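Next up: a single chain in structure tokens, the form predicted on its own.
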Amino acid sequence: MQAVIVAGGLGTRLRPLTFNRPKALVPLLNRPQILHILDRLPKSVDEVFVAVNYLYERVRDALHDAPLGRTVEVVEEPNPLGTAGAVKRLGDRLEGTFAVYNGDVIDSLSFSDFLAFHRKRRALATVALHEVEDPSPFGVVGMDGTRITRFVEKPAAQEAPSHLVNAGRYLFEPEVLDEIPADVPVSMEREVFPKLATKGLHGYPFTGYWSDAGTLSGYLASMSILLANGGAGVGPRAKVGRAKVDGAVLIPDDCVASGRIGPNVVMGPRCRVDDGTVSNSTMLEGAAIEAGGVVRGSVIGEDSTVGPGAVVEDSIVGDGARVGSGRRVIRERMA
């Protein structure tokens, strides 16, 4: 079976991290985000196309060197054509029922159950759905049984037809490609799904975890979910004897930490915390927190430093940056 992973976006919501890397390669628990998606696909999905525009060569080279256990081809999009346009471009290479996955979602969806649902209903297209408290940032569906009758992209909260949102996972029959015009930008969510709703669009609600990792809050939620589901651990050679480690954390062998670490913290290789406080945050490779530094709800980029007594909260600090001594960075994007 074949799958298409749409991973061509610029990752603007995660800047400045995505100035230096494509969104698909932003580390999540110290592994490129796209590998978490590939890991959850069953072996029956033996051919995967990854559609990429921004920094295509970086994704191609990273996946070429990874042990993936299946055929994975990174396909360049010379010009972005939207979520549906990227799939249409691959149309002559897709055969039979195929899957389409957005490249910035972390979930516990059972692919086999999803496929069985699709086939039992002989659906033209099936969208995986997840229930959320606030549906307004997402594509929201109205349902009649298992049929999707309405598809509303990012509605006002009071106008949402339900709390079931598009989870970014689809199963399509080849006929869906006929509904997508060629060589023009097309949105799956705004243009294709509303048309399919009159022709056989089904919804598959699933429980468990789901998170859109394409924003800071979503990225940190995805980090916490993966830590809680087997991703936590402290390397036996990590130097954390002078640290108070609280809750789920991931600390590799070559890290050094003192102070308070956790809950929900990921330290990349070669990270250092000197009598600082880090919670609900990720430190990418080589990042450092100096004496008295505090980091909450943030991502600290590669080889960046939070200086003595500095505070970083609800922010992204880009690669190679330094937050000066005593400075406060609150809800900022610092390159």
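Numbering starts at 1 and runs along the sequence shown. What you see is a predicted model; the values in this text were computed from it and never measured.
The same protein has a further form, the form predicted together with ligand GTP, not shown here; the description that follows concerns it.
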>> Give me the residue from E173, E77, E179, D254 that has a heavy atom within 4.5 Å of ligand GTP in the predicted complex.
In response: E77
>> Can you tell me whether L10 touches ligand GTP? I mean in the predicted complex, with a 4.5 angstroms heavy atom cut-off.
In response: yes
>> Whether V26 contacts ligand GTP in the predicted complex should be assessed with a 4.5 Å heavy atom distance threshold; does it?
In response: no
> Do N102 and ligand GTP come within 4.5 Å of each other in the predicted complex, heavy atoms counted?
Replying inline: yes
> Do L284 and ligand GTP come within 4.5 Å of each other in the predicted complex, heavy atoms counted?
Replying inline: no
> Looking at ligand GTP in the predicted complex, is some heavy atom of each of V6, V52 and T83 within 4.5 Å of it?
Replying inline: yes
> Which of these stretches, 300 to 308, 285 to 293, 268 to 276, 44 to 52, has heavy atoms within 4.5 Å of ligand GTP in the predicted complex?
Replying inline: 44 to 52
